[in-house]
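Okay, so here's just one chain, in structure tokens, the form predicted on its own.
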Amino acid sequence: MKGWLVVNSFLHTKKFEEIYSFLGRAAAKRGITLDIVRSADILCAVGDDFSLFSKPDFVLFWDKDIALAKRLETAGLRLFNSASAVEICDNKALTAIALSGKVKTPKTIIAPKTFEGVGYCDKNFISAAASVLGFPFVIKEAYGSFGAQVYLAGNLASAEQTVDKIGYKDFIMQEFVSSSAGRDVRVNVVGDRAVCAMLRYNENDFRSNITNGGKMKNIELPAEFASAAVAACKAIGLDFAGVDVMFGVGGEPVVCEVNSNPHFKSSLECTGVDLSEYIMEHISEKLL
């Protein structure tokens, strides 16, 4: 069996390259040839079916180039994860919509759309959102990773300043789950199973991301957290994901975000569980 590991042509950091290496080794153990294919390496005109290349049996899609993912599917290739699932996870507004009614999530308001050169010149919608969410509330750019585009607004002036900073980009406003400030659980899901989890915590920031200085600890995953994470993945149609689950009132699981391309090096160091092994086993089972 042969697969393409499709990755971004312009990300060459050690953090990404290590993940690619783990996936390649896990594939080789199962007799699968997994070739790293950078997005620019399979450039062809719209309408072409990639027949210029030796097409694989499947694609492990580790990029967020939705147009490329959809074209690969149109060419008849099976993607893990699918173009639709990656698109939903990459956009926090679409994630909120997909999860609504399926799992418990923070109350969310999607900001009205504006355009470059126009911006949010009328900010009355912010006070309207605050009347629903209360202060403080969280502002998240629709596209962002590692917590870098997530802000906490303590009052109306702070919220408006944050929106000015965001400019014309899409964003959402969410209820601040104070019972989970600075901590959450990253649950790694493959198929219908939560395979490992770690507690992430930060004593100096409301965000728990490891990249932002958070710490991690291996935990025994509560059954209700596992169920919530798996349900979130089913709602989006994911083969695998890293699901961030917060502690709601009374410890109730509240799904915060879902990551279609989880950077699982930290969870490997914390739990000893190599997610790449489970991902490649899942792909093998689905294609056999």
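Note that this is a predicted model, so its numbers are computed, not measured. Start at 1 with the first residue shown and count on from there.
Keep in mind that the form predicted together with a small molecule is missing from the display, and what follows is about it.
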item	value
Answer range among 157-165, 175-183, 79-87, 190-198 for contact with the small molecule, defined in the model of the complex as heavy atoms within 4.5 Å	175-183
Residue among A128, A148, A75, I97 with a heavy atom within 4.5 Å of the small molecule in the model of the complex	A148
Heavy atom within 4.5 Å of the small molecule in the model of the complex - the one residue of M246, A226, A26, I42 that qualifies	M246
Non-hydrogen atom contact G144 with the small molecule in the model of the complex at 4.5 angstroms	yes
4.5 Å heavy atom contact, G214 to the small molecule in the model of the complex	no
Distance check, N209 to the small molecule in the model of the complex, heavy atom within 4.5 Å	yes
The small molecule contact in the model of the complex: A111, any heavy atom under 4.5 Å	no
